[in-house]
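Shown next are two forms of a single protein chain, provided one at a time as structure tokens under the names structure 1 and structure 2.
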Structure 1
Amino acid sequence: MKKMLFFGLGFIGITASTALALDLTALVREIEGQYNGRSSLATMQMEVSTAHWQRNLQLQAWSQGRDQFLVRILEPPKEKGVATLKIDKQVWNYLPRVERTIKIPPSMMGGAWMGSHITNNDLVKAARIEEDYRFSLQKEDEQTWTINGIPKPDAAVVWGKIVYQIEKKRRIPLVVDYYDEQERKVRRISFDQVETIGNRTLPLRMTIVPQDKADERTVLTYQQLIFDLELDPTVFSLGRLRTP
């Protein structure tokens, strides 16, 4: 038997048992943290296409939980050594050509990283979406859940709404849409190339498309991903940010 439940965006027909049993906050936390693990080491390719130029970057990234993260550009030579470090809620960029370390203020976390359609916040996962948003089940079918995230009243966030489409069977994201404060869709991230690594099943490619420039995109592909390895604590330090 179905009941009509109110979730803030209208009456949606879903089973009452699903609404009660599904912990939406835990599910979003799982999706947002799928590439972290206790620790991780990743090699990635980033392809950026805009109306005026294209750029291909080779990246290497290390993480320890959700509070420590370092990513460094390996190629091309012109950008080699550019790096971003996150420790807790603090983020720095290092620019080797001018030998300068810049601390990124919260107001710039929504800015583009290296001319891509990925923000500084996306890159280092500085925001904890599941803490700053309230979630409701917009709809579901046999294969997917569609979940709305609306900012909590006092949350300092970039997005006015986030909508997740999640595959039930493998509990992986298919599409995430991001909206501004006027609820206009700003960008879409699509996920594919799903593989199993250890005990994790996750997409190894994500495509970010700005909605006002549909011919532009950034494609981030994980070429290697290792979880739960022992990392030297000095990896996440300003010294290692400057020196590979």
Structure 2
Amino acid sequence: MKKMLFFGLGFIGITASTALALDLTALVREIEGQYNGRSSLATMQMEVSTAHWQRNLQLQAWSQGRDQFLVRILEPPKEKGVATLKIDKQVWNYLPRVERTIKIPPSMMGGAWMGSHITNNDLVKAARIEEDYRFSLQKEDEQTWTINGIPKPDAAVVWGKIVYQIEKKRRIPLVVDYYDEQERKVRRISFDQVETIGNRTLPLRMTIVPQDKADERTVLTYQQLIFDLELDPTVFSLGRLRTP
């Protein structure tokens, strides 16, 4: 799940399909880091539906590399200014209403981030996908590659398998499925609304659906994306958390 948010932060759009020997690891790294770049600034909308409620959030996000990011809520007004800062493996939340910053302790890392189907832990484990998984080509047809990601024996990840379905032509993800070790699908993330921004082509909308609660979902839609901008490093500091 971690990597999914990072989906939203930079896509090294190597759309030239010089498909020589297909380097799967590089491909997945591309996909996982499609919203990364060296740095990024994004505005997005997050829609969360659960059995009991539905929410719409307007977010602004900055990232530097894969280890630092900052997300602020712009709307709704009640939660405007709530921010999440991640540096390496530590996560803090800033709460403007009470003007306080809280560090998320290990026991809360399994909890939902901003009420969505993304967990705090997903954020932390972000984007080191190639360190934890080995990839193989399961299937290839005219349109798509289906790639299996199997965790390395000692990788500290909960999944048994991740399956990527990637569109060959534009090298964009279509669907990513997460399985447990008994090969039961636990989560599905689908991508659509493909656009070209600058020299990158990437899907602007991703939908996360937990498989045991089929009527729940989180939909993340990118409205604005700027890559490789110069970011003041102090953006990713606790001090700056309060004053945007």
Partner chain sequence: MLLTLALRNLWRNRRRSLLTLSAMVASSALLILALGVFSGMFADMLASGTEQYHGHMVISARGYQEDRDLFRTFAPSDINLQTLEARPEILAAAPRLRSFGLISHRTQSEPAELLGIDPGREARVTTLSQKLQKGEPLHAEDQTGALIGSGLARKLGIDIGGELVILTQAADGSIGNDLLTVRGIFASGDRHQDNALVLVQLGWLRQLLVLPNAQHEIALRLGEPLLAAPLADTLATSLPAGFEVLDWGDLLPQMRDAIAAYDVSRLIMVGVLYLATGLGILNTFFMSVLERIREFGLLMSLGVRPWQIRLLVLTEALLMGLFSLLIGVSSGLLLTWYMAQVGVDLSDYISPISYAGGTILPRLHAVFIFDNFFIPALLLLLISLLAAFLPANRAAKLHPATALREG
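Predicted, not measured: the structure shown is a model, and the values here were computed from it. Here, residue number means position along structure 1's sequence, counting from 1. The term rigid core refers to the most C-alpha atoms you can superpose between the two forms while keeping them within 1.5 Å.
**Student:** Which of these two chains, shown alone, is the form predicted together with the partner chain?
**Tutor:** That would be structure 2.
**Student:** Determine whether the C-alpha of E99 shifts by 2 Å or more between the two structures once the rigid core is superposed.
**Tutor:** Comparing forms between the two structures, the E99 CA shifts at least 2 Å.
**Student:** For M108, is the CA shift between the two structures at least 2 Å following rigid-core superposition?
**Tutor:** Yes: M108 shifts by at least 2 Å between the two structures.
**Student:** Following rigid core alignment, is the displacement of the T146 C-alpha between the two structures equal to or greater than 2 angstroms?
**Tutor:** Result for T146: no, shift under 2 Å.
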